[in-house]
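In what follows, one protein chain appears twice in different forms, each by itself as structure tokens: structure 1 and structure 2.
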Structure 1
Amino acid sequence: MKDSRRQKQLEQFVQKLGLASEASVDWSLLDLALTHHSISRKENNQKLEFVGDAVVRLLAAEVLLATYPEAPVGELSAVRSILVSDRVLAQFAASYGLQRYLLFVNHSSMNKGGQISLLADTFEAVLGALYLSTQNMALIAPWLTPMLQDKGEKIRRDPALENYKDALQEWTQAEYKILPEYRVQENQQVLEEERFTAEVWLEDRHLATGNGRSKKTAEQAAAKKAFLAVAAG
């Protein structure tokens, strides 16, 4: 670590996570995890994100299995797909004020989706750095397990809070090893809220139909109906 101010910043972040012992944190890795590729094309957090993406999937699987030993695995897969989505990971990141520790070149033009990705990717990179520091979940499970439990419970009670297309896809993959297909039609003659009609199919089986003012909202509406019917039903 070159810079003692940066070191202080990283220590402050680790304290925020509430880790009792910081002795085993690899500070160089954590520094890298909090360095965006807009700062350096070579020394940035993209590879740690590649590891961290698998870390959060693994911990989420463990936590869901331990918390809901009786739940069907298709349902746990669906909940996990939402738990590890950019949207949820960005919420976790924001709750620790992660953006304040990230070194990056600010594009004032960045849209909401870009901000969510940035936070989620950085969060995954931090998980990658903490995992590689000890080769286990010792620096992660203590603070992330309760977050995954809380959020998992909310999603389980109402997956509508989140993304039904992801949830449905995770379900059909786990159960049938195939992906749902969407067929969308536009009809200019109807009310704007029903302009698009999406059908979701699983091979030859029509699962559900939904409407919306955009292709995306129509697909989400169809996915929601299908998910509630086949997965949560």
Structure 2
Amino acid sequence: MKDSRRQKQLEQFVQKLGLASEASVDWSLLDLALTHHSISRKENNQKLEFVGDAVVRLLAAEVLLATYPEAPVGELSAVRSILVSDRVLAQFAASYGLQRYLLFVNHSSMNKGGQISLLADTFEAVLGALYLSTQNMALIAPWLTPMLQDKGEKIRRDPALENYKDALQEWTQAEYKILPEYRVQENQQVLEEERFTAEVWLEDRHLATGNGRSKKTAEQAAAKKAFLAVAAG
């Protein structure tokens, strides 16, 4: 690279991943992976993100199969859908301070969801750049595998990470490319704890029913039943 300052930044980032600065990294690709389309419409990380999406799904599948060989496919699929979700990938990205190396025209009005998506997409682009540098997982597996194992175990202990609606949505999007639908009714004649009843549907398939003192808690209750059911296969 011609820009020695940028080169040093990229080397610092690679070292944070636990890789040696002399690793077989294609620095031009890594620089591109950390260039948002707000900087350039032509030279940006979108195509590398496309590759990285496939890379993280493959590595997550390999890690889960090796770690839990006796687990049913439905459970592995449910866990993987959360492992490769935007919110988890954004957490991985933030743990390495990835945002410090991203070339990006900052939009102060960006909401939290947009920030999560930005980090997740950039993380996938970095994976794409590292994969294409060697055409294998050599620059990725050493540091990402233990992260996937640790997070995968936490997900198995608490599949929803305290948000079953998000977990179910991530699973339905991964498996069917559609969102679940919640149908809520209020009944003032029952106990306060069961005042709202929520049904969760996937197109014409009824997944589960839950109750709660509010619409939100009823939907979470229904989502929990539905997600645990699909996770169990």
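The term rigid core refers to the maximal set of C-alpha atoms that superpose within 1.5 Å between the two forms. As the structure is a computational prediction, the values presented were derived from the model and not from experiment. Residue 1 is the first residue of structure 1, and the numbers go on in sequence order from there.
Taken from the structure described as the form predicted in complex with another copy of the chain is structure 1, whereas structure 2 is drawn from elsewhere. After superposition on the rigid core, the Cα atom of residue 198 is displaced by 2 Å or more between structure 1 and structure 2.
Annotation for residue 182: C-alpha shift of 2 angstroms or more between structure 1 and structure 2, rigid core superposed. If you fit the rigid core between structure 1 and structure 2, you'll see the Cα of residue 221 move by 2 angstroms or more.
In the core-aligned comparison between structure 1 and structure 2, the Cα atom of residue 212 sits 7.3 Å away from its counterpart.
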